[in-house]
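This document starts with one chain, in the form predicted alone, laid out as structure tokens.
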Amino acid sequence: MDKVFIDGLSFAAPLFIMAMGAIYSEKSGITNLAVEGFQGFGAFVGALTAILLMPVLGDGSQAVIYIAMLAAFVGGGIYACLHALLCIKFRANQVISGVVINILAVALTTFLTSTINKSLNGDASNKFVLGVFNRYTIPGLSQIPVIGALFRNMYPFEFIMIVVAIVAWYLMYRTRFGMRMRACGENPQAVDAAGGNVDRTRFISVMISGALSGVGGICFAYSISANFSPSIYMGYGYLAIAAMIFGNWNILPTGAVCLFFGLAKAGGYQLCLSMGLPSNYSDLFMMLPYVLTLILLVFFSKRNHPPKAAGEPYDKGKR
């Protein structure tokens, strides 16, 4: 059971930060199916930064990892500008734009990874080998029955995710920017009438979405896969979007859904091991979060209330 909590939290934390990114975009009125692409491109930038710094700072340097996270934050934000530009400036269909952004990210990062590897070491591999985060245990809290497992063998990014979640919640619900952003998703005409800049607010919100997704991507690369490769695009972005929907576009409920998905994924894998099934069955059990998504859609889809203006290009002349 302890293993389920430990692995579940390590999966839920990056998923949560990506879901928060999706919330920021959609709360501003921009439908965001591009989380998968933001995640992958941000992870690519972070992984490339790590590969370039390893010979200088050392392969085992934890500083490399934190710099890679910062690079992923910046890379994801910059890549998100493409989605923002298409949806806000050119008023493209936001769903189609998100899908295209995802496809482009897979093709572009795979090509760039192979090209860079060939130029660096002569091997046109499509992956950057990164290693994993060191794990830590919190004395005292780790001894609490049942929930103490949440504080054992933790990745450092899990602490960072908690801080980021608090900052993101405060920015959304306790600042002028957050109030204006949420208003842009409900009634952009009212924001414009009050002197706000709808396009700029939405553009910044989409960039925040990309930046957070990029951090989530590099955390997955440094924990689950230990490398950056096309396997980073495993549907995690869409799972984050599902968590956002089930959380009704609110940060705290979305966090609970992400934890539920993480525990389901880890629980399924541990169940496979405890039953002594062959390793090829583990992939079947790893599908559990996606199966749960389909089931939850049946029961909760009618209760969801997305932002009223989400998916609609802003038209100043509309009242």
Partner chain sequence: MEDYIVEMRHITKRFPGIIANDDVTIQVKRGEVYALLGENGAGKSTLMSMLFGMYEPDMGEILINGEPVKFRSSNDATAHSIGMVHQHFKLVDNYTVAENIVLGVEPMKRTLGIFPSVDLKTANREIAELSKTYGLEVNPTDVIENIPVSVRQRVEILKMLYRKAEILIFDEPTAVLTPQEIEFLLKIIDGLRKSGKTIILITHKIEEIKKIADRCAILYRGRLVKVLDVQSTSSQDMANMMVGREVDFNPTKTPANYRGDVLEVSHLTVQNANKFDVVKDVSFKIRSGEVFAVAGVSGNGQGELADAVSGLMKVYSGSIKLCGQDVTNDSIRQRLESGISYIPEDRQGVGVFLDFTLGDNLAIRKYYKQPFSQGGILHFSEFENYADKLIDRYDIRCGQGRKTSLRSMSGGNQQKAIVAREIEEHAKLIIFVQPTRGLDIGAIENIHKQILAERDRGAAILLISLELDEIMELADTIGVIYNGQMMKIADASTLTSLDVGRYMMGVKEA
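Positions refer to the first chain, counted from 1. The structure presented is a predicted model; accordingly, all values stated were derived computationally and were not measured.
There is another form of the same protein, the form predicted in complex with its partner chain; it is not shown, and what comes next is about it.
Subject >> Close approach of V163 to its partner chain in the predicted complex, 4.5 Å, heavy atom >> reply: Heavy-atom contact with its partner chain at 4.5 Å: absent for V163.
**OP:** Spell out, yes or no, whether the shortest heavy atom distance between T175 and its partner chain in the predicted complex is within 4.5 Å.
**Re:** Close contact exists here: in the predicted complex, T175 approaches its partner chain to within 4.5 Å, heavy atoms only.
**OP:** Determine whether any heavy atom of K127 comes within 4.5 Å of a heavy atom of its partner chain in the predicted complex, and answer yes or no.
**Re:** K127 lies outside the contact set for its partner chain.
**OP:** Although its partner chain is absent from this view, report whether S142 comes within 4.5 Å of it in the predicted complex, heavy atoms only.
**Re:** No - in the predicted complex, heavy atoms of S142 and its partner chain never come within 4.5 Å of each other.
Original post:
Here the chain is shown alone; which of N134, T137, N248, N187 has a heavy atom within 4.5 Å of its partner chain in the predicted complex?
Top reply: Contact with its partner chain in the predicted complex is made by N187 alone.
Original post:
Out of the stretches listed (219-227, 166-174, 68-76, 201-209), which one is close to its partner chain in the predicted complex, meaning heavy atoms within 4.5 Å?
Top reply: It is 166-174 that comes within 4.5 Å of the partner.
Original post:
So which residues in 174-199, when you check its partner chain in the predicted complex, have a heavy atom no farther than 4.5 Å from it?
Top reply: Read in sequence order, the residues that approach its partner chain (within 4.5 Å, in the predicted complex) are R174, T175, R176, G178, M179, R180, R182, A183, E186, N187, Q189, A190, V191, D192, A193, A194, G195.
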